[in-house]
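In structure tokens, the next block holds one chain alone, the form predicted on its own.
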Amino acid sequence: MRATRSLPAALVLAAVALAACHKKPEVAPAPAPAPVDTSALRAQHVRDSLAAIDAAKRAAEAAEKARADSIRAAEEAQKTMRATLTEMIHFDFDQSTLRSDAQAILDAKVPILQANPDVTIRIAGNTDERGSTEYNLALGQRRAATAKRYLVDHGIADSRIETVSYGEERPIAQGHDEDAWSQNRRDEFTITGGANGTLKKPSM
């Protein structure tokens, strides 16, 4: 009887032992990942942003400088063309023929006048103080006419050029010697129309 009673107890113990053998082992939790240091990335991002801002600023400054240089160059070109159109020519004593330096000055006016067909000019002939008023008025007129004829012969329409003589009435030098007289023997050029806007540069 005792052997019979001990058999179920043994079976129970065996079952418990078998169950213990089949129980899954407990897995330890994975360790938490170490925190990533992003300070270097943030610093690089800040540096990249500052570099991009600096590059954009330099590009804007370069563009503004280029624009200012272009405007300044255009203004200088306008001044140069107007100065060329109004540059005086001079004559020898009692002469109305063109000197070589006067021809060079007139040659510089021609392409500007050709590029700007609406521009009109006035040529005023002047003399020094020697000679009578009547003689000097006539001499001044011949000097203005000589310059006009030169321009017309080089393709500028006659209708765009008017002439006038002031004789000895408008000296620009007040002395009474050859230095003053040589300055007063001149043709003056005035733009009378068509140049209120921007003058076109002659084509090369």
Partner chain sequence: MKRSLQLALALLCVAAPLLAQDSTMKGVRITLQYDPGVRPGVVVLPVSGVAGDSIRAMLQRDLDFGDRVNIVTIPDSMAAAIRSGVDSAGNMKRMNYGVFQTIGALAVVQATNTDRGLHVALHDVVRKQVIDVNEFALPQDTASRAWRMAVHRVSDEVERWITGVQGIAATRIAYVRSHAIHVVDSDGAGDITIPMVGEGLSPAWSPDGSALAYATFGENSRIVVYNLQTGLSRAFGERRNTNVSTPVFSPDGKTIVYTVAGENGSDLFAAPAAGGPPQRLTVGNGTDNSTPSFSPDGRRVAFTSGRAGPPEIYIMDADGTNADMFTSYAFTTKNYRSNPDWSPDGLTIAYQAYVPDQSGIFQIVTMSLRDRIPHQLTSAAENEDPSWAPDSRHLVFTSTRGGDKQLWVLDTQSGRIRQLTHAAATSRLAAWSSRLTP
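Residue numbers count along the first chain shown, from 1. Model, not experiment: these values are computed from the prediction.
The same protein also exists as the form predicted in complex with the partner chain; that form is not shown, yet it is the one meant from here on.
Taking the partner from elsewhere, no residue among 87, 92 and 109 has a non-hydrogen atom within 4.5 angstroms of the partner chain in the predicted complex.
Interface residue remark: residue 154 is not counted as part of the site for the partner chain in the predicted complex, having no heavy atom within 4.5 Å. Although the partner is absent here, residue 145 lies within 4.5 Å of the partner chain in the predicted complex, judged by heavy atoms.
For residue 138, a non-hydrogen atom is located within 4.5 Å of the partner chain in the predicted complex, even though that partner is not displayed. Under a 4.5 angstroms non-hydrogen atom cutoff, the partner chain in the predicted complex lacks residue 150 among its neighbouring residues.
Contacts between stretch 164-178 and the partner chain, counted in the predicted complex as any heavy atom lying within 4.5 Å, involve 164, 165, 166, 168, 169, 170, listed in sequence order.
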